[in-house]
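Listed next as structure tokens is one chain, alone, in the form predicted alone.
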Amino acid sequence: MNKILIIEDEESIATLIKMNLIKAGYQCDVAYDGAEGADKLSENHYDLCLLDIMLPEINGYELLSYAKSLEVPVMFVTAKGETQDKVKGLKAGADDYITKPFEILELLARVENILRRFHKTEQYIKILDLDIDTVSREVRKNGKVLKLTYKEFDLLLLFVRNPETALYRETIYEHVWDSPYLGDSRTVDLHVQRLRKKAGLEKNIEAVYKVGYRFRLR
């Protein structure tokens, strides 16, 4: 299980990020100032650091240099949203840069992308009676291989990485099809129906009225 350090001095934001990362299957530690963040980096192994720039004690740029010396990938999560700020952060060595306020699903997608880039993603996911190999894209249910299409696999992965979370149809579409949602919900609904049937998840993938779908662990 990947372990992520969140260094953020606003407790409400740190709690929100931690809660959603844990729901997505990650282990998390939190530091509320730069000095505490440096201590945690030196004392523990992390697969990724989510780092604010404006921090008490030690600022984000100093911590970035320290984290990179420990070979820990870093994503800046900051209110500094001007183009020059982003350029400065990326040139300083940050592996990604997201500005507040942000959508949780975008943050999770960026986290997954960095972990994949550094070969730190979890290859095998076991959930309910499913065994998922994210590299070979093979899914087994009680030992039997399921014949899922490319999009059905991506849809399943989105659900299992965001359990107990109501996902809007437009969010599902934009994540799985990687293109803007134009209001036609039939594509999403059809793929959800087929995935439910193929994977035997009729009771687990539930419709959420006027929203989309939620993956239940029950």
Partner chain sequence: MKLFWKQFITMVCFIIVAFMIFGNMIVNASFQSTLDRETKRSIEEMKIFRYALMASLEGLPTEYRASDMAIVEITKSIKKSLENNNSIIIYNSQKEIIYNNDKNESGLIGQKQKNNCGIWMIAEHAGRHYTECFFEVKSRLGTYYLEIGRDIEFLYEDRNDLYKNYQTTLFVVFIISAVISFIFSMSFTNPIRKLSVAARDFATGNYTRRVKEKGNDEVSALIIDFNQMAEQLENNIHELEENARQQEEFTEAFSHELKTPLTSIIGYADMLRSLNLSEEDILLSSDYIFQQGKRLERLALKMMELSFVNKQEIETKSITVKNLAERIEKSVCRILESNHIKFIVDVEDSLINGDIDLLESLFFNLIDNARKACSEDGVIVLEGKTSENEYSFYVTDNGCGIPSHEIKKITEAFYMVDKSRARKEGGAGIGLALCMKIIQKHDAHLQISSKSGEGTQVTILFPIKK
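Numbering follows the first chain given and starts at 1. None of these values were measured; they are calculated from a predicted model.
Below, we turn to the form predicted in complex with its partner chain, even though it does not appear here.
Novice: Could you tell me if all three of Asp9, Gly81 and Lys100 have a heavy atom no more than 4.5 Å from its partner chain in the predicted bound form?
Specialist: Checking in the predicted bound form: Asp9, Gly81 and Lys100 are all within 4.5 Å of its partner chain.
Novice: Is Glu164 one of the residues lying within 4.5 Å of its partner chain in the predicted bound form, judged by heavy atom distances?
Specialist: Yes - in the predicted bound form, heavy atoms of Glu164 and its partner chain come within 4.5 Å of each other.
Novice: Would you please decide whether Ile125 lies within 4.5 angstroms of its partner chain in the predicted bound form, comparing each non-hydrogen atom pair?
Specialist: So Ile125 does not count as contacting its partner chain.
Novice: Does at least one non-hydrogen atom of Tyr168 fall within 4.5 angstroms of its partner chain in the predicted bound form?
Specialist: Output for Tyr168 is yes: heavy atoms within 4.5 Å of its partner chain.
Novice: How about Asn20: is it within 4.5 Å of its partner chain in the predicted bound form, going by heavy atoms?
Specialist: Within the cut-off, so yes.
Novice: Name the stretch: of 111-119, 73-81, 90-98, 131-139, exactly one has residues whose heavy atoms fall within 4.5 Å of its partner chain in the predicted bound form.
Specialist: Of the options, only 73-81 has residues within 4.5 Å of the partner.
Novice: Between 185-218 and its partner chain in the predicted bound form, list the residues on our side with a heavy atom within 4.5 Å.
Specialist: Residues within 4.5 Å: Arg214, Arg216.
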